[in-house]
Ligand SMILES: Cc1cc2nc3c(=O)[nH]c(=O)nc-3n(C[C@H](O)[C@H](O)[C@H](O)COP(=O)(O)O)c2cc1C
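Next comes just one chain, in structure tokens: the form predicted on its own.
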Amino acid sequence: MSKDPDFLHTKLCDLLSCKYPIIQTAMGWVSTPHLVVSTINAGGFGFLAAAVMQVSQIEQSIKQIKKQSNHNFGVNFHFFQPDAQKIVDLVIKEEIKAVSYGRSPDKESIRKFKDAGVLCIPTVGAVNHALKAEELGADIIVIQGSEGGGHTGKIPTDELLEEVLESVSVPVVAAGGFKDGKGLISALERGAVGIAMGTRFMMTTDSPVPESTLSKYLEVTKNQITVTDKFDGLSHRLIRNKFIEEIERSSATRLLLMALKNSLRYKNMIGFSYLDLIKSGFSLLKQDPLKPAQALMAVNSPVIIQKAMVEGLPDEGAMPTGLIAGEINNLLSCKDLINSLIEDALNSINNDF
């Protein structure tokens, strides 16, 4: 494939109206208005993490972003949230460019978004999920390989990208293991229209993560990063700490008790009623074959993550991370990160001529 600077302007840039084909993913407690603004003002495309917010907070955050930037951005949420339909209506009313989502997609809501011109960008970790996402109306699909942080699959990014590109007709963005311009060029050469990064944006000076927790990320080595499915029912890549080790040793009964305790905090945090909490759990059980304890953990996992990512108690909560955390030893601003990534990509292109 012939490469020149225009190689970095892809269909993703046109669809999202962003300068560079780089997406900042939605990370609960991390993808705040400030991080989103820092990303989109630097030329990338950022997603607001609305899954851990009440509707009023989402609306306030959207207005805050719009006040500080004229660039487009997206909103991430869960269709199983009790106020999901209010969020759908809010996104449409505010003319948000795109939404991202994962588990339990809602066909009617997706159709509603598409009718309003809101781009639907689900994240998947398997080919069958990509096919289902396209069938439901996805405009762009983000594939996350096993190197990615948080919820992740078992297939390496390069392999998953190749399989999905052969299976769907919509544009595909690669996520999982990206941190620099060489990775961007590699993804584009393989057929992706861009890359999505979570951990690298979380490890910036624009990140809201407390210094005590960020220092753990800077110190971590690859052999201290683990994948567990006991956290919330799905494969989850995290930094191993005392809390995660306790969860992995826990019996099903203990997990259920832990989940029940944390669910009460989640209920208060997100403004749920007890009925809302039960409905969310049943919604997940209907869509995914999870054990009851794991389904409940999936509903309240943001509480567990909050301990480390908001309260600054890294040994008492969960720290989702991609494998690349073990390779990062500095914190740049979003602007410097994107600029260095693009400069690195352009140098890679020039060196090929």
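The first residue of the shown sequence is 1; numbering continues from there. Given the structure is predicted, the values throughout are model-derived calculations rather than measurements.
Keep in mind that the form predicted in complex with the ligand is missing from the display, and what follows is about it.
Comparing 186 to 194, 148 to 156, 105 to 113, 243 to 251 against the ligand in the model of the complex, the single stretch with non-hydrogen atoms within 4.5 angstroms of it is 148 to 156. This chain is displayed alone, yet in the model of the complex one of 213, 76, 204, 81 has a heavy atom within 4.5 Å of the ligand; that residue is 76. Contact with the ligand in the model of the complex, defined as a heavy atom within 4.5 Å, holds for exactly one of 43, 326, 28, 312, namely 28.
Within this chain, residue 177 lines the site of the ligand in the model of the complex, having a heavy atom no more than 4.5 Å away.
Contact annotation for residue 321: at least one heavy atom lies within 4.5 Å of the ligand in the model of the complex.
Using a 4.5 Å cutoff between non-hydrogen atoms, residue 198 counts as a contact of the ligand in the model of the complex. Contacts between stretch 31 to 69 and the ligand, counted in the model of the complex as any heavy atom lying within 4.5 Å, involve no residue at all.
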